[in-house]
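Only one chain is given next, in structure tokens, and it is the form predicted on its own.
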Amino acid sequence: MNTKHISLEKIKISDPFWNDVQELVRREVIPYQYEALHDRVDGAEKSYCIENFIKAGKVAAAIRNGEEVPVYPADKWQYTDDNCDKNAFHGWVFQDSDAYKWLEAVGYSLINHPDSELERKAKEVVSIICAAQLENGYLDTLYIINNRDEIFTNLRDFHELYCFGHLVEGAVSFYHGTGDRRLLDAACRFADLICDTFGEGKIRGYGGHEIAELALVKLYEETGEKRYLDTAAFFVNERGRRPYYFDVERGANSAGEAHHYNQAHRPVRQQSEAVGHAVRGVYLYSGMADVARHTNDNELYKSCLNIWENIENRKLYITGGIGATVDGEAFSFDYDLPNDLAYSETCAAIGLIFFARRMAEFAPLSNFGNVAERALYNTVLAGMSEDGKSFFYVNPLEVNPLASHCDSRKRHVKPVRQKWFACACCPPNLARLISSVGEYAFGESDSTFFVHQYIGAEVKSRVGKIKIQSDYAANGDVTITADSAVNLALRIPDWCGSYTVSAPHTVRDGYAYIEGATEVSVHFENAAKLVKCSNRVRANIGKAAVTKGPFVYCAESVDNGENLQMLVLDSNTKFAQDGEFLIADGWHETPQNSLYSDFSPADKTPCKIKLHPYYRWGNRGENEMQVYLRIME
């Protein structure tokens, strides 16, 4: 059964938990990122993003006027004051995408909450971007500023198609939020150029960093222009075929299964394991699922399902994070989920939620919503501070600040959030997802309204007007009312030991299906509990994590003292609630100064162990943090 998410214009969020999060993004994160993109945040790494568009606009104007334009090298991933001319492109090759993601978040935010001043600022940014577009539709500031002759000559590394993808997503959102078509028209012109450039009998290439695939499908859904869908399908189907295109553009000949990093090591229908750069991977898999749904390609969907099952059952952190290794920001081998070396990029968790929604649209199975929920309430929310002005790129499950400062293997793990990043993909990604969270909560078929995430809202569905009153995050209570009898499908979360539904229902694929209801109340028991890993996960033998409802909890040294590795919980421990905290009886081992000694049980002192929701860690200064605790059976 195919379903479709419900557009944001038809959703009004009214939720005691998510309203606060969205307001934080609207009031703090979006304005802060606007200043960061303009390089006006003291102490933050420079973005150069808006500066590049202004430079590119001047180049585009000079070209139109027939003036000679200088050429600079386009041969690096990052361009700084130290390695390039002051008039050349600056920043990372994908710097344009930060502005597009910011505009996407703005579009969603304006749908939720009109704001004339924010709209004015955003339209100024749109004007700057549109002025940079070349007459043939091309729009990428690196090549416009530095060297027009090298356009589309390094698809593997230099992110033109990636930036295009974010342009499309930003343009569609901004049009829906403002009615201003300028950015959407610019995106269509660039898309037309791409369709004319790539395909059968043309360049048989595809992007090194995927996202153009899902973006072209979104543009097809927005405009009805079928060649956008056809080009998305071409990019998906061409990927990984031999000769490898990334070799063709270099005159190389890779032996064996090359190009795992870009998920281009074999044709996508032959892929069954999530490999390579985790963000690129889930963006590709999202595009594959989109193409499969629109073309009724069951073989392609099966590949998506195999990859999904590999992620969910062998490569997923309990926090919903993916990408276990800093080497290539990548998926590691099966069951390799180190806590203190975890990469678990914020963008990867966001991309996993994109993938989950698209899989649910092809076939509504509850495990898609379960995983999306885990990522949403834990890794995604952990990615920004409580004041919305600092961010995590990496989301580990264990932190020793001393190791982060002294051990080069762990320098990617930050004990405090950063103001900004030169590679700033994560902060605007957070803003756009949180501002559009309603589109990931609900779906509809011709006859049924689906609740994938229990977020309080008023929704105008094709089956009727529906109100969801939710205290799900706090105590698992949800009430759903409709203005007329409707069919409902309610996801049963996998953390729930027992639940009650006030109406007759049948359970299928993890959803409770209810026919002809006008009001339904649901209670999901969300008692705190211990959760263990497979014993194939070497890092967590003899350990367990504490969860309550959708939230994972952690210990911080600000509450429990140093050396969190010495904390021990009883397997039968009972948890007490104290505001945001869980309190449990446990022990703290006595530190041993002798490096080696004859074995004897360690001395332990009874203590109260205080646990905090994982998404809130690191907001009280630099300190140790640990998700998995040792268990005494």
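Note that residue numbering begins at 1 and tracks the sequence as displayed. Here the structure is a predicted model, which means the values were calculated and not measured.
Beyond what is shown, the protein has a form predicted in complex with a further copy of the same chain; the following relates to that form.
Candidate stretches 578-586, 24-32, 49-57, 564-572, one within 4.5 Å of a further copy of the same chain in the predicted complex by heavy atom: Result for this chain: 564-572.
a further copy of the same chain contact at Glu624 in the predicted complex, heavy atom, 4.5 Å: Yes, Glu624 sits close enough to a further copy of the same chain in the predicted complex that at least one of its heavy atoms falls within 4.5 Å.
Residue contact check: Asp327 to a further copy of the same chain in the predicted complex, 4.5 Å heavy atom: Flag for Asp327 set to yes.
In the predicted complex, His38 touching a further copy of the same chain (heavy atom, 4.5 Å): No, no contact at 4.5 Å.
Pro591: touches a further copy of the same chain in the predicted complex, heavy atom cutoff 4.5 angstroms: Yes, Pro591 is a contact residue.
Contact residue in the predicted complex, from Ala544, Ala517, Ile468, Leu300 (heavy atom within 4.5 Å of a further copy of the same chain): None of the others qualify; the residue that does is Ala544.
Among the candidates Leu530, Val248, Ala363, Cys84, the residue which, in the predicted complex, approaches a further copy of the same chain to within 4.5 Å (heavy atoms): It is Leu530 that has a heavy atom within 4.5 Å of the partner.
Partner contacts for 600-630, taking a further copy of the same chain in the predicted complex and a 4.5 Å heavy atom cut-off: Residues within 4.5 Å: Ser600, Pro601, Ala602, Lys604, Glu624, Gln626, Tyr628, Arg630.
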